[in-house]
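Okay, so here's just one chain, in structure tokens, the form predicted on its own.
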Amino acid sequence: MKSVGIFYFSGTGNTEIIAEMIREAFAERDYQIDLIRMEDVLKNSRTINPADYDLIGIGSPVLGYTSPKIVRDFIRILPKILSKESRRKVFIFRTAAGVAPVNYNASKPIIRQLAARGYDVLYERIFSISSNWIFKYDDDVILKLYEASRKKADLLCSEVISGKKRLLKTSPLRRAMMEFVMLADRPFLRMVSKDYVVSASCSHCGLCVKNCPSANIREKNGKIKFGMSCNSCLRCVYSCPKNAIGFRTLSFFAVPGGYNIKKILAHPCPPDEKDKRSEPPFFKAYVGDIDL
């Protein structure tokens, strides 16, 4: 039986849902699957043996048109493969608020990083279920994106197994522009948590400290402190039971009303007509074209 190791980072649940879809698609084809969170590998100093897997999957959200810091940190600790015969085939899956050329170059830096360590990326695909930054999608839009994503996850599985090569491309000019944007975004994204403010409603339950994927949050002298290793995933903002974590100046980052994708999928609410938002620009193409 062939095996697949899927390593993923999910800030607030979107990428985790796609990772589970991909796991199910491989399992239906009698593959043995290990589904492993990157943060668990990093926090527990877990050893990874690439030889255990015929295929390796790398999954994460697109944040600021690039990859979260935790993804780059994870790739750095992957064992280096020195022999050409032992190189491992890799597929990449990303989640984003929108599937459009502006996000097509987001994986290029980690593809280079993986190649330098002896991993051949042959396939990449971007999925969208919803937006957990800035824009709020209506629940009916989210449900349709979810169903379309399930079909695309099954297609990913079929194409990866068949050996199809699929790497997202844009014009050289757009690629150069986005490489510059990504370099500029990295330091900014790491410092987003420095804009966090904790209100008096904080109960000091410790949930944000425990669940931060990069151990960037601590409590000192009865105050919640944020470091400089933020992934900008907003997990702490949305999961706080008291809604005590907010922004000083970047309040537009957070989706109005909070974000809980599993709750939305389990109990979708029809929007009031007066509050109904237009479909995102990529929506019709994404839902209508399985290959997008």
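Residue positions are given as counts along the sequence shown, with the first one as 1. Just so it is clear, the model here is predicted, and its values are computed rather than measured.
Only in words, not in the display: the form predicted in complex with a small molecule, which the text now covers.
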{"query": "4.5 Å heavy atom contact, Ala97 and the small molecule in the predicted complex", "finding": "yes"}
{"query": "Distance check, Asn103 to the small molecule in the predicted complex, heavy atom within 4.5 Å", "finding": "yes"}
{"query": "Any non-hydrogen atom of Trp133 within 4.5 angstroms of the small molecule in the predicted complex", "finding": "yes"}
{"query": "4.5 Å heavy atom contact, Tyr65 and the small molecule in the predicted complex", "finding": "yes"}
{"query": "Segment assignment from 24-32, 263-271, 228-236, 39-47: heavy atom within 4.5 Å of the small molecule in the predicted complex", "finding": "228-236"}
{"query": "Within 4.5 Å of the small molecule in the predicted complex, all of Gly5, Tyr53 and Gln113 (non-hydrogen atom)", "finding": "no"}
